[in-house]
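One chain follows as structure tokens, the form predicted alone.
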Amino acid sequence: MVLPPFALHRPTTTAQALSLLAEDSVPYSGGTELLLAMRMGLIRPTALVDLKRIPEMQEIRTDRSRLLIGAGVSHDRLATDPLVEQHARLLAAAEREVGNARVRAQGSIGGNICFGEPRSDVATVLIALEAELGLANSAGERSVPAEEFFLGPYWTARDATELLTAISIPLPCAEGVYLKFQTVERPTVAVAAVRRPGGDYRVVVGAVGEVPVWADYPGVGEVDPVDLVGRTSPVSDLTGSERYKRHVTEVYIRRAAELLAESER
């Protein structure tokens, strides 16, 4: 379908971008998901706010306790950036597997997060890494833990007048593994299992249901795949039935826990 008509704004500062936001004025960076939804007639904004010219949206840097990633940074850049590889190897590994080459080159981490796609590689990993998502509007700023940001399919904690400005990952970063089962462009089941800096473990299951689920364990040997699968609500679709997805999810949780245990021997 042909895109519906819209105005295009290209601010160069966050303040300018915030002044342009409204219910029918939508921010974008890569636009991979947004433009598809517009072509399908699912959304019809009167204006788009292009964030690619805002310098801080393209930054990757560290301070003493955090890795800070601008919301406009592309998947491709995250997959190869030295700082990300040094401090958050799990994120770099997951970013190398996002979508396809076009999506990785054009799409941004912020756009992926804000679209709220249930089968997101990025959401699963950011919850495992206990990331904080920085939001801003004309009234001020706030930070939302990644585990509280995804509320449902294509539904997040971001208000229409807010921008996701940056992703903050605490340092030192959790280490672990990311596995996914995939027959189409997006994963059917995604599992991130990490050892947190405090010595305990977190396992996150994404893609299988409408929102990611997770659990924390005192040791890798205490990871309970059956219990964690029981917390999920698999959605039957063309990639599998609920029963099938529960089975695959349990298998992948076990594999992730085993790989994590092996890496520590």
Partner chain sequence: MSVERRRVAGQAVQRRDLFEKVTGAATYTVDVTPPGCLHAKVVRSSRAHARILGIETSAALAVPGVIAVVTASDLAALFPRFGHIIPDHAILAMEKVRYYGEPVALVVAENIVAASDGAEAVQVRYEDLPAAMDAEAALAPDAPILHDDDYGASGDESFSEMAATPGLPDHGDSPPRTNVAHTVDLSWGDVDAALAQAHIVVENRVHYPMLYAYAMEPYNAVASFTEDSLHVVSSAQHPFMVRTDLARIFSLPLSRVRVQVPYLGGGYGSKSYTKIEPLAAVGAWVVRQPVKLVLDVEEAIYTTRADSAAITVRSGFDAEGRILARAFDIVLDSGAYADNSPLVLAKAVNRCFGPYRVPNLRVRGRSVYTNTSPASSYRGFGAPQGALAGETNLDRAAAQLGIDPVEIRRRNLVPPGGEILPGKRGIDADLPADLELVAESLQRDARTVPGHGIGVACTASDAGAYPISTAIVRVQTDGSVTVLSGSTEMGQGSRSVLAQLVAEELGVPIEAVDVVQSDTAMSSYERTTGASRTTTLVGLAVQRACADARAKLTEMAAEIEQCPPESLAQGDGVLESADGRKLAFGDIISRWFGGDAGEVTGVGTLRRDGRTQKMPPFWEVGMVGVEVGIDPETGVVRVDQLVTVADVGFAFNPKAVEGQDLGAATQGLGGALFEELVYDGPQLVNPNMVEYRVPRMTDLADKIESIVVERGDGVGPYGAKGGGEGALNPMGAAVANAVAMATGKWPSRLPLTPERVWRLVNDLPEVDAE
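Numbering follows the first chain given and starts at 1. Note that the coordinates shown come from a computational prediction; the quantities given were computed from them, not determined experimentally.
There is another form of the same protein, the form predicted together with its partner chain; it is not shown, and what comes next is about it.
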### Query
Hey, of 127 to 135, 152 to 160, 81 to 89, 182 to 190, which bit sits against its partner chain in the predicted bound form at 4.5 Å between non-hydrogen atoms?
182 to 190
### Query
According to a 4.5 angstroms non-hydrogen atom cut-off, is R44 in contact with its partner chain in the predicted bound form?
yes
### Message
Since only the chain is shown here, I'm wondering whether G240 would be in contact with its partner chain in the predicted bound form (any heavy atom pair within 4.5 Å).
### Response
yes
### Task
Using a 4.5 Å heavy atom cut-off, state whether V251 contacts its partner chain in the predicted bound form.
yes
